[in-house]
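Presented below, as structure tokens, is a lone chain in the form predicted alone.
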């Protein structure tokens, strides 16, 4: 059975912007998520679904959640067939917006309707109905959370996106690829070949992961279908090799590949395998990160004596160094809007995360720790957050931090040598 989403009351093409996502510490929208009406199905869904939705909204730092204990109106099935909500009552408890829902489960078919109301105006802002297997419940709730964020901000939410990363399983010498939801749930192992599997990178449609594996003894870059597990080789030539990212249209995969002891940057057609050299030189050129528009790439080169971040327009001679100082800089990641590049840099004896404009101006530190290293940044699809590796002796974790550095949370801990996180595209 497949997902069916009925657009009962579609999100406006040009939503009224109730919340400014670019104003740190600005107004947060007070919102109440009422207990859901449950037809046939598990009664615990009445509070269970609002709990999932509320947790999503809390992660954005854009909403103030009105406690369920403060709610004074009980939502019933009649509210989905013409009976109006008592909006003054919702306003009295501090809610400026209200979410209600109706869910039923019949065998292998789940149906869920969710509505968002403006409690001040007493108007319906957006409503959706989803049907599909019960296993997709959490996915449906994430989708509606994205609708809420879009309705209030004009920017799509990132709920339902995932982070791919590497980690060392217990009692293993190798590293496997894992995927986890951006909310820290649904952790699963993608590879299981007891070898070294490194540098996962998402295709623009979120259907494929490129990664390097040593399972045959030599490094080969593979493409793996995340849904089916089907794989194909995409980069065999050269010695050491690591994928850096896809072109925005998914036609090319960029990779750093060594030949005759020298590492340069190539792009390889995903279909057909044609190869083009993009960046070369006498030094080390690795870690390509294509810009969202596809015309430029950020990459690492040690041509100046130490690894630094450079930006190059594809097909045009010359590159611009954008990292500052004489320290070690690596792991560039382009923001979805194309206005910032995040990277790892050594500062004060530790690795920290900085972002910078593509021309090298306006550098600012985003993540650092007095007793640990912060490495391998990757932007969320909305550009409001980054995931990175937090590493100190005997311990590693993945953390998510807002792009202004004000808020962060631990995403994954407890796995050995976790690293190389890559945030999936929006869905």
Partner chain sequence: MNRSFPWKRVALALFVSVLMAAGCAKKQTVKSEGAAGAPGAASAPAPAAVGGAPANEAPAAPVAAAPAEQPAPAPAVAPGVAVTEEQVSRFDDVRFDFDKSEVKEDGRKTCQVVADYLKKHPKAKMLIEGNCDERGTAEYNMALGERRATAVMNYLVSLGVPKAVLSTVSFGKEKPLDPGHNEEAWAKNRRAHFDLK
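Positions refer to the first chain, counted from 1. Please read these numbers as outputs of a predicted model, since none were measured by experiment.
This next part talks about the form predicted in complex with the partner chain, which is not shown.
**Student:** Is residue 187 close enough to touch the partner chain in the predicted complex, meaning at least one heavy atom pair within 4.5 Å?
**Tutor:** Residue 187: no contact with the partner chain in the predicted complex.
**Student:** Just to confirm, residue 89 within 4.5 Å of the partner chain in the predicted complex by heavy atoms?
**Tutor:** No - in the predicted complex, heavy atoms of residue 89 and the partner chain never come within 4.5 Å of each other.
**Student:** Is residue 147 one of the residues lying within 4.5 Å of the partner chain in the predicted complex, judged by heavy atom distances?
**Tutor:** Answer no; every heavy atom of residue 147 is more than 4.5 Å from the partner chain in the predicted complex.
**Student:** How about residue 294 - does it come within 4.5 Å of the partner chain in the predicted complex, if we only consider non-hydrogen atoms?
**Tutor:** Judged by the heavy-atom cut-off of 4.5 Å, residue 294 is well away from the partner chain in the predicted complex.
**Student:** Since exactly one of 346, 109, 129, 321 fits, which has a heavy atom within 4.5 Å of the partner chain in the predicted complex?
**Tutor:** It is 346 that has a heavy atom within 4.5 Å of the partner.
**Student:** Exactly one residue in 313, 76, 120, 195 has a non-hydrogen atom within 4.5 Å of the partner chain in the predicted complex; which is it?
**Tutor:** Selected residue: 195.
**Student:** Name the stretch: of 359-367, 59-67, 37-45, 392-400, exactly one has residues whose heavy atoms fall within 4.5 Å of the partner chain in the predicted complex.
**Tutor:** Of the options, only 392-400 has residues within 4.5 Å of the partner.
**Student:** Just to make sure I understand: among 161-176, which residues lie within 4.5 Å of the partner chain in the predicted complex, judging by heavy atoms?
**Tutor:** Those in contact are 162, 168, 173, 174, 175.
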